[in-house]
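Take a look at this one chain, the form predicted on its own, written out in structure tokens.
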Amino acid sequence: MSKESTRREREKLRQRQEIMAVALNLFSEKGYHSVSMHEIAAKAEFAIGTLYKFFSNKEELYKALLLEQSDRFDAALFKAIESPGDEIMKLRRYVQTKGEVFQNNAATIRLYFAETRGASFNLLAGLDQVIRNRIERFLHQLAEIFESGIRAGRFHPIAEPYILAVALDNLCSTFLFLWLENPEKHVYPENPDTILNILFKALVNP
């Protein structure tokens, strides 16, 4: 590939990223249905034809935006649980990383959950299944950590590993949704054991 071709590819990538960044801000601020391709183009300072070079319509742009964010979330969470360490260390990294990913991408997450409720749920037909499949794959990977901990004698076999993975994932999500609604009142714990101890320590005092 020539230097000129490389320069053009870099420019196309820059334009696409700028379009997606502007679209994310507008969708998050106004909602998917209240934003037009012309508004995105104007805000990004591109001709409308430039947008249609990358995306055939607004739905395709929206789906590309969510899928790209999903790629980043997926990579960060898998890296957290696949890094070296024992089972407890891996779970601590997972709790910390999920909090960081969620908090650093609050605009995307607000947008996703706003648009996947109610009548607009069909907007994600197909794409939503891709994201659900990724979540399912991750939960099975997380379950392997619990299974390994049980085999090593670190964890009591109080439930199936997959159930434990779902429980932990939902505990983290609950804390994060509370933070999303009121960051000052519901601070996501800096110490991952604040969440993990809900599973690690029994509620009943013997």
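Residue numbers here begin at 1 and follow the sequence given. Predicted model only: the values in this text are computed from it and were never measured. Heads up, when I say rigid core I mean the largest set of C-alphas that superpose within 1.5 Å between the two forms.
One more form of this protein should be noted, the form predicted together with the DNA, which is absent from this view; the next part is about it.
The single contact residue among 138, 179, 162, 46, judged by any heavy atom lying within 4.5 Å of the DNA in the model of the complex, is 46. The contact with the DNA in the model of the complex, taken as any heavy atom within 4.5 Å, belongs to 35 out of 35, 66, 172, 145. Looking at residue 25, you'd find every heavy atom of it more than 4.5 angstroms from the DNA in the model of the complex. The DNA in the model of the complex is approached by residue 50, whose closest heavy atom lies within 4.5 angstroms of it.
Partner proximity in the model of the complex, defined as non-hydrogen atoms within 4.5 angstroms of the DNA, places exactly one of 151 to 159, 38 to 46, 164 to 172, 66 to 74 at the interface: 38 to 46. Relative to the superposed core, residue 137 undergoes a C-alpha shift smaller than 2 Å between the shown form and the other one.
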